[in-house]
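The form predicted on its own is given below as one chain in structure tokens.
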């Protein structure tokens, strides 16, 4: 019986030593949950990477605790929302990848702000008849509108108009001037 007791004592002592030594090797480190931080940032950051919103039209910047109104965000010059012109190829209403990215950011912004509306102004260069250019400017505004709607903007928030060749951004009869005039401009209104 004594022998049985000594084996049990020895086993118990060994388990205590193992338990104590394993606890001694564990260092307490602050837990950094990168996945939780990324998820929070994704919830706060929109497609443009700078803002997030709520239904009241108040937004928080992703890099600070500062809360900005929709009007204040639109006044910033260092965000994708500051870029309010998308350009098109000759005789086309097809969006480029760059234009699509710009419109997606604006669509997310409008969708998150019920008090914001905008007008898409379609333009064309001077080549083609007046009627043709009005129709082309309208097709450009409508293709831009579709992207905004797909991002969640309401049809009540978006108006379109075509000016055709009537309001050139650049004067001249060069490819550079024509390229600068083939555009849709985004004009915001905050209610």
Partner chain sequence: MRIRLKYLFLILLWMSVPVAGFGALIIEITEGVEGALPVAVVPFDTSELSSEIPVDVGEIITNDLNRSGVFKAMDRNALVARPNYSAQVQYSRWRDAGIELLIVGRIFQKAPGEYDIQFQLLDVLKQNQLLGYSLPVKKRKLRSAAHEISDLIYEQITGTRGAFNTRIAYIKSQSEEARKYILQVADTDGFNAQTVLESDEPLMSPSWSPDGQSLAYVSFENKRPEIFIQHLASAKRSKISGFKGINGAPSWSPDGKNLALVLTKDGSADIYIMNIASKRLRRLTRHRSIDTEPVWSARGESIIFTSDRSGAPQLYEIAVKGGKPKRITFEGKYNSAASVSPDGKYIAMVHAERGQYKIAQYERETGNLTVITDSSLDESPSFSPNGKMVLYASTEGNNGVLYAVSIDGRAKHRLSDQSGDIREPVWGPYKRRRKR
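Residue numbers count along the first chain shown, from 1. What you see is a predicted model; the values in this text were computed from it and never measured.
In what follows, reference is made to the form predicted in complex with its partner chain, a form of this protein that is not presented.
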Residue 91 near its partner chain in the predicted complex, any heavy atom under 4.5 Å? yes
Under a 4.5 Å heavy atom criterion, is residue 136 part of the interface with its partner chain in the predicted complex? yes
Is the gap between residue 146 and its partner chain in the predicted complex 4.5 Å or less for some heavy atom pair? no
Report whether the minimum heavy atom distance between residue 132 and its partner chain in the predicted complex is within 4.5 Å. yes
Any chance all of 127, 167 and 173 sit within 4.5 Å of its partner chain in the predicted complex, going by non-hydrogen atoms? yes
Can you tell me which bits of 103-124 touch its partner chain in the predicted complex, meaning any heavy atom within 4.5 Å? 119
